[in-house]
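Presented as structure tokens, the chain that follows is alone, the form predicted alone.
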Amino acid sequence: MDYYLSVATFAGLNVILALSLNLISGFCGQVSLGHAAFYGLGAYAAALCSVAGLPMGVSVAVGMLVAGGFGIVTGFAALRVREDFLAIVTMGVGFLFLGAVRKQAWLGAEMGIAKIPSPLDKWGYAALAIGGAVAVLLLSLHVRRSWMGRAFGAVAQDEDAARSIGVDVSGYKIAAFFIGTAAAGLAGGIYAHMTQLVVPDAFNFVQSVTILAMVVVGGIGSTLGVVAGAVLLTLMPEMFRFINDYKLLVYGGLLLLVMRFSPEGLAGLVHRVTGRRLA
């Protein structure tokens, strides 16, 4: 039972991460290749607060704010660059985060932060992760149908045209980064308390690629499709153990296959088969 609870917990965390990236890249069209850095920022901030004696709820909230704060900084960078250049900038954020935490003794350097207080049992963390995933899912669906979602869509389609009709392009870009990175920080805070250990390698470029793969396989821009992609790519390594040794290769191959044969991912496949679009 502990094994299944652990898988369910990580599935919930991956759904949060995939949906948080989809808010930035799928809704607002801002390419991000360093999303694991914000996952890590949430985890490290929550770990430091918890070790200092703050309750778990406060620690996780601080982690969300720290990740969201750095997301705003990245959002300002997004105002100057687009597409390929933005991808390079966000990738640089990920490498900058790894380089910083590996050199700081107060962050544990390569050894990370251990003995993080863990007030819940496995059932509690599974419920918390799944509950967080449901909350971010509902937030995504609400944003998608709101005036903010329409503004995000306008920015994603054509920034200049959106600006010409009065859309605050800069403000919405920054808002997308803040909401998406704060949600990633939520996943990081839960992860830190559940594992009781945070180390730099848990938030490396491979993790960023994994999150991106979940979004693309599910169908970038589709909320329910991204949920399906996150769950699928969480379960695949558990169902086929040999994938763990070649995870990056397998995920890279999946991205190529999806982009070649079904650019809209699982959501597009469902649309072609049933004629209905996923939210």
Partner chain sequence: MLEGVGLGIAFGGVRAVNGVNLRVERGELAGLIGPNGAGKTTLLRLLTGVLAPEAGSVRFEGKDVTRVPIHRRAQLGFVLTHQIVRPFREMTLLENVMVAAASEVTRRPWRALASVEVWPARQRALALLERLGIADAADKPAHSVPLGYLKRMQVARALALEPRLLMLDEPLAGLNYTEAARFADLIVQLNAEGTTIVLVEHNLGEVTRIAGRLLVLHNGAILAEGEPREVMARKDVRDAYLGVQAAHA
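Being a predicted model, the structure only gives us computed values, none of them experimental. Positions refer to the first chain, counted from 1.
The same protein also exists as the form predicted in complex with the partner chain; that form is not shown, yet it is the one meant from here on.
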inquiry  = Would all three of 143, 147 and 171 be in contact with the partner chain in the predicted bound form, where contact means some heavy atom lies within 4.5 Å?
reply    = yes
request  = Go through 129 to 137, 189 to 197, 109 to 117, 175 to 183 and give me the stretch that gets within 4.5 Å of the partner chain in the predicted bound form, heavy atoms only.
outcome  = 175 to 183
key: 4.5 Å heavy atom contact, residue 153 and the partner chain in the predicted bound form   = yes
inquiry  = Taking the partner chain as it sits in the predicted bound form, is residue 121 near enough to touch it, meaning that at least one heavy atom pair lies within 4.5 angstroms?
reply    = no
key: Contact label in the predicted bound form: residue 78 to the partner chain, heavy atom within 4.5 Å   = no
request  = Tell me, yes or no, whether residue 162 is in contact with the partner chain in the predicted bound form, where a contact means a heavy atom of each within 4.5 Å.
outcome  = yes
Sole residue of 73, 167, 87, 202 within 4.5 Å of the partner chain in the predicted bound form, by heavy atom = 167
